[in-house]
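Coming up is one lone chain in structure tokens, specifically the form predicted alone.
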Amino acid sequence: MSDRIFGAATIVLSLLMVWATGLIEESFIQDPLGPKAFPLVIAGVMGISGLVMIFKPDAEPHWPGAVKLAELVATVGVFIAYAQTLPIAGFVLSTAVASAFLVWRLGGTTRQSLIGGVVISVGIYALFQHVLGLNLAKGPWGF
């Protein structure tokens, strides 16, 4: 039953994302994909995931304990901080810090987390900036 409740909540959240995406104003000069494409793709994946949870729930779902829930709340906090610091610090620095935290939470050592954060950040920046031709938030150092 808890899977179905979580699936329904996921569908409601995805519908709210679609609604909020519709409020984004598009300028006549923009990237080829536009600002609405990425949120709509994420909302679509969330909606499909919610439907799967409703129609094919686990018989015995295992929910995490208090420590894991605290880690999830900390991760959400990192994502909120990421969104807030992105326009100030730029894509590369903000993404490197957030990625390093996620690598650490996924079991990486401190060294692996730092290296992983930098490699992920620079790799995504190079892909979006030089291959796809999309502009990302620039920080005080111009990247």
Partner chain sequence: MDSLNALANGFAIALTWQNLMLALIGCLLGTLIGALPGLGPSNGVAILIPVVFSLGLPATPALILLTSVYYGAMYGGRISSILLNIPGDEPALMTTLDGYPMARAGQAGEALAISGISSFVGAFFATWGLVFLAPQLVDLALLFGPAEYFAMFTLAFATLGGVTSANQAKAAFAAAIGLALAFVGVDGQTGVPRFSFGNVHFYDGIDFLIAIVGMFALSEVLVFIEERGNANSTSTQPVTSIGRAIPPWSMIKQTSGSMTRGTILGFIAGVLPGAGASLGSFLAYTVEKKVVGKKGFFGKGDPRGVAAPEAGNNAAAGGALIPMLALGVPGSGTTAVLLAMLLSLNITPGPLLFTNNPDVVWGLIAALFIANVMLLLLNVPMVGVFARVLRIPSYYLMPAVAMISFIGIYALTNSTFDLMLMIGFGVFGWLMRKLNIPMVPVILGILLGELMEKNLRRALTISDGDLSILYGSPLAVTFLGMAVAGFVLPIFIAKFVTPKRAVAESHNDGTSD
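The term rigid core refers to the most C-alpha atoms you can superpose between the two forms while keeping them within 1.5 Å. Positions refer to the first chain, counted from 1. All values derive from a computational prediction rather than experimental measurement.
Omitted here: the form predicted in complex with the partner chain. The next part is about that form.
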| property | result |
| --- | --- |
| The partner chain contact at residue 66 in the predicted complex, heavy atom, 4.5 Å | no |
| Residue 89 within 4.5 Å of the partner chain in the predicted complex, heavy atoms | no |
| Proximity of residue 12 to the partner chain in the predicted complex, heavy atoms at 4.5 Å | no |
| is_contact(residue 134, the partner chain) in the predicted complex, heavy atom dist at most 4.5 Å | yes |
| Interface residues of 5-19 toward the partner chain, as seen in the predicted complex [heavy atoms, 4.5 Å] | 6, 10, 13, 17, 19 |
| Cα displacement of residue 17 between this form and the one not shown reaching 2 Å, rigid core superposed | yes |
| Exceeds or equals 2 Å, Cα of residue 77 between this form and the one not shown, core fit | no |
